[in-house]
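Structure 1 and structure 2, given next as structure tokens, are two forms of the same protein chain, each shown alone.
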Structure 1
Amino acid sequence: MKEIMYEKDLMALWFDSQDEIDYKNKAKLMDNLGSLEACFYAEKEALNNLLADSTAVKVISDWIKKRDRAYLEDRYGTLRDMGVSITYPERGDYPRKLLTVPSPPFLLYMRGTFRQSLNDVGCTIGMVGSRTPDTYGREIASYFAKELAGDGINIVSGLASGVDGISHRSALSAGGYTVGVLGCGINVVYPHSNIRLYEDMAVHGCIISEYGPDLVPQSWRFPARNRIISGLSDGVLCVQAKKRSGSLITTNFALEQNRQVYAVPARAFDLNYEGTNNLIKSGAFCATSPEDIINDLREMRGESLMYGEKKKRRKQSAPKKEVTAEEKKILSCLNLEPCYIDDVIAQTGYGITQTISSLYVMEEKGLVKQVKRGWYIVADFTRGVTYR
């Protein structure tokens, strides 16, 4: 059995070895020839006939040359050394949910560990949003990811900067399982500032790409990657999107693939959230707390109380934080808009030294958060905040 799988792995590798043969062409071959094996053993003429109008003959003959066993084994070995495994629909570690979507990837490269919970047994939420979120977007992404992941829901996102990275990082910190889907080669870290996250995900989560090693990021590949994010998920949560945000591509895929779309509301006329608000207008599920999403998932799948219980228990057992009068007064100045310390001083009338040390203590207690040097927001915002 193992032997047969190995043979198949090599065939799958060959199938993906020629970059010029794009998804459309591969789909054509699969449709006409039926299986990976059939493609691998297909005569040159057969391939030529099928691909001739879009592909040069030279490319096809190059591709056929790569059917060489030594070459494929070498490629296989290189991947293994990188810690990269491959999977395709016939393998057990291919996410089953992807098979239900139009145009599922033929081959996936994978780092980290595949968990069965990505299949039907578990719940998965895709999180998308701006690459440059504002503070509200950051905090919402982090809070939702933490709560959902803490309740055993898998978080899928795109390992980009902004909401993607925050979602992954928060899921990891909550001890959850998270999957990053790349739009570039499996070993390419883009943006490079995510390198630490990438390494952590390879250990504690999973990184998936449709593309083999060293493929440089190109803008047109990212929309294609989005279909995998939504495909892996039961629902897609949009955190912050402008009117023409790339995140909306993912939510469109979600609708196409019959997945639920969740959106966190923001203020009307906020240009940073025009896209999210439009989603709600056109029928997306308006989620104001992670429980909303959990309840909806439960209803959708008709499951028994599987998720959310942990959270309830935690909430009951968590000791109520002691807040002094002074801290209350400081908190009343803060919300989710970063507030500069000078304004806190002006509004409370406390001295500088006093305010600094109070804020320090409050940060330790988890009541406030210093988002930039001297700028504070409420950390415990689920208790409610007021804008003025």
Structure 2
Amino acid sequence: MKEIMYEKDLMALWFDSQDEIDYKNKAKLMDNLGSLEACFYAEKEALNNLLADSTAVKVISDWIKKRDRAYLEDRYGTLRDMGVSITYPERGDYPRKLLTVPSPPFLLYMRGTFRQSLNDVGCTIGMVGSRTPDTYGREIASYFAKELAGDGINIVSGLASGVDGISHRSALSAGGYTVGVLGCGINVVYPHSNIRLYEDMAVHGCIISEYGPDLVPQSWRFPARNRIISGLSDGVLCVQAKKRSGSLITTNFALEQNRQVYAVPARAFDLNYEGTNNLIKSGAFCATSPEDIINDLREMRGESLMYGEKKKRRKQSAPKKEVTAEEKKILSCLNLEPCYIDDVIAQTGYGITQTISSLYVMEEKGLVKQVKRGWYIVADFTRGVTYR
């Protein structure tokens, strides 16, 4: 059995080896010839007759040359040495959810561990948003990812900067499982600043790409990979998006694939959230807390919401952090928009020494967070946030 799968793996690597033959043409070959094996052994004339695209026809000879066993075994060995595995529809470990979406990838390269729970209904959320989120977007992405991952929900995102990276890191920090879908070669880290995150996910999560080693990032590949993010997910949560944000490409794929779309509301007229608010106006699920999403996923699984209610009651009955009258007054000045310490002093009437001392204690208690030197936001989401 292993020998048979090895032979098919080599065939799959061949099928994926010619980038000039696009998905549409490869789908046509598979539909007409019926199997990976039939495509591999097809004569040049048969391939030419099936491919209408002139660019594809020009590279048929080169594609056939790549059937060379030594070439394919060398390619396979390189992947193995990198710790990269492959999967494709004819293998049992190919993600079943992707088989139900339009234009599924023929071959996936993977580092890390692909969990069976990704195939289960109601267990996975895709998280997308701005690559340059503001403080509100960063805090919301981190909070939702931690809470969802802490409840056993798999987090899928694109391993890009901004909301993607925050979502992955937060899921890992909560002891959860997360999957990064790349828009470049499986061994290419983009942006490079995510190299540590990439390595952590290769150990504690999974990294997936439909592109083989060393393929450099190109702008058109990122929208294409978004169909995989939504395809692996039961729903997609949009945290922060402008009117024409690339994140909306993923939510559009989600709708086409009959996935739920969630959005976190933001203030009206904030252009950084115009796309997010428009999603809600168009019928997206308005998620004001992680529990909204968790309960919706439980309904997908056909589970009772009683567990969620019990968890909520346990959370409510947990010991509350004691807050002094002085701290309450400082908290009344803060929300998720950074407030400078001088403004806190002006609003509370406390002296600088008293304010600095209180803020230090409040940081230790997890009530406030200093996002940059001298700038503070409220940190305890469970207390709610009031905007002034």
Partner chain sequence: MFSKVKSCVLRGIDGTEIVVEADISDGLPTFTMVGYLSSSVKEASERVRTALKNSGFTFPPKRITVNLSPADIKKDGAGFDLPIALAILLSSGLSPEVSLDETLVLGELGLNGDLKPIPGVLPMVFRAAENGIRSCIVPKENVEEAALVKGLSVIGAATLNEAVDYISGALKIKPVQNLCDRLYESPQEQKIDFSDIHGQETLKRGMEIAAAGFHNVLMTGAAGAGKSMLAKRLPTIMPRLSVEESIEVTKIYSTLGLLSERGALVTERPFRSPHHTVSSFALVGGGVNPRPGEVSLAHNGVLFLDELPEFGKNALEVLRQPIEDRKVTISRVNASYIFPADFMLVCAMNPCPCGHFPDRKRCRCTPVMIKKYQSRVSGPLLDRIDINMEVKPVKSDDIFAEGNGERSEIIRARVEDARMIQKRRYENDGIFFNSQLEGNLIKKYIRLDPEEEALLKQVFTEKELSARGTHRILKLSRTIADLSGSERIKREHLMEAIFYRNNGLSYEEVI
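Numbers follow structure 1, counted from its first residue as 1. Computed from a prediction, not measured in an experiment: that's the story for all the values here. Heads up, when I say rigid core I mean the largest set of C-alphas that superpose within 1.5 Å between the two forms.
The first of the two standalone chains is derived from the form predicted in complex with its partner chain. For E326, the Cα coordinates differ by 2 angstroms or more between the two structures after the core has been superposed. Comparing the forms between the two structures on their rigid core, the Cα displacement of V361 reaches 2 Å or more. In a rigid-core overlay of the protein, K58 has its C-alpha displaced by at least 2 Å between the two structures. Core superposition gives I352 a CA displacement of 3.4 Å between the two structures.
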